[in-house]
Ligand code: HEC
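Just one chain is shown here, as structure tokens, and it is the form predicted on its own.
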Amino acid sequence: MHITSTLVLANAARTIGIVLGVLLLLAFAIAILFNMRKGRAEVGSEVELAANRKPYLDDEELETKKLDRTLGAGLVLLAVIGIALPLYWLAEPSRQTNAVDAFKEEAIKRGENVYINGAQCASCHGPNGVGGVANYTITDPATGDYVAAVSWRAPALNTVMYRYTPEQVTLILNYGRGFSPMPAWGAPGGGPLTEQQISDVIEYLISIQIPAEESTAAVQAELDKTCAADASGNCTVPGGPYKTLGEAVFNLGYTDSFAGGAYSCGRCHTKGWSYGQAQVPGGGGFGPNMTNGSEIRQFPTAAQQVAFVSAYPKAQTSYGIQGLSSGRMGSFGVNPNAVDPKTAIMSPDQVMLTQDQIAAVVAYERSL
């Protein structure tokens, strides 16, 4: 609705400008034609009828309604210029903003077309990025021999901007995710999409991010089904798969493919998690091994690890004990696209997990 109304205002301002321009050009053309017609009698007799020698109207004839009409016409034209041009100038900032919105709307449409038809992202990640399943063949890394055909949980993308910046998503789209169904789509990684198409897909993904309250409610509903933790953080669901809130958060979506595992830690840190054959919890996969006290050695205090999980540092930034960020992990408690109000494209409350949930999952990881 906002973009539609701004486009209407932009078209109205442009129409006013065009009408004013046409009227001024028309008046100028009429003046030229009038002067040309008046000057026809002087052709061939410039010396006798030169403007500086030709007698003009005397004062009695000049200082009548003829002069009043001429001065009135000049005053009207001056008023048009003096009022219309400032009004048009005042509308210029909004016109520029509306033009940017229009360009963004076009980019979103192109990105949606690539998402659905060009790259067929929807076939794995679902319509509107709700998450889905991709068929994948696992092979032996050493020999390339067939191991198994699995159904890989493709994460939801309607919260991808909660945890990744556009630059991080661009990197993933360009080069894909190794040892997963996600191929390289961008030209730098050997994929078929141009830089403009990747940028359009990013704009489309930004446009489909769900509201913060919807995300928060969905996560809590999932935790209520699998854990329903008490005040001590112990799960109370009879016969439930998890013992603690931290374990439930770590494995969000494993039991029913909730959001394709987009909110979970296990999807990256547990081998086999993404296709329903989880091995050692936190034993490492796409992400590093968390077992045998590695998290305690990396982060001397739980607070340091909570801060790390909340706002994952940029690539090549140090953390913990001699840790160096690869830039591949998302930020789960601070939206990286809402930190700077001047450049924010998301709201600060659009985060993957609450601080209590992050604290619980950190406690679980430190116990592995």
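Computed from a predicted structure; not experimentally measured. So that there is no doubt, residue numbering starts at 1 and follows the sequence shown.
Only in words, not in the display: the form predicted together with the named molecule, which the text now covers.
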With the distance limit set at 4.5 angstroms and only heavy atoms considered, check whether Ala119, Leu157 and Met290 all reach the named molecule in the predicted complex. yes
Pick the stretch from 225 to 233, 85 to 93, 146 to 154, 212 to 220 whose residues have a heavy atom within 4.5 Å of the named molecule in the predicted complex. 146 to 154
Could you tell me if Tyr175 has a non-hydrogen atom within 4.5 Å of the named molecule in the predicted complex? no
Any of the heavy atoms of Ser180 lying within 4.5 Å of the named molecule in the predicted complex? yes
Interface membership of Asn98, the named molecule in the predicted complex, 4.5 Å heavy atom rule: no
Heavy atom of Tyr242 within 4.5 Å of the named molecule in the predicted complex: no
Suppose contact means any heavy atom within 4.5 Å; which members of 296 to 331 contact the named molecule in the predicted complex? Gln298, Phe299, Gln305, Phe308, Val309, Tyr312, Tyr319, Leu324, Ser325, Ser326, Gly327, Arg328, Met329
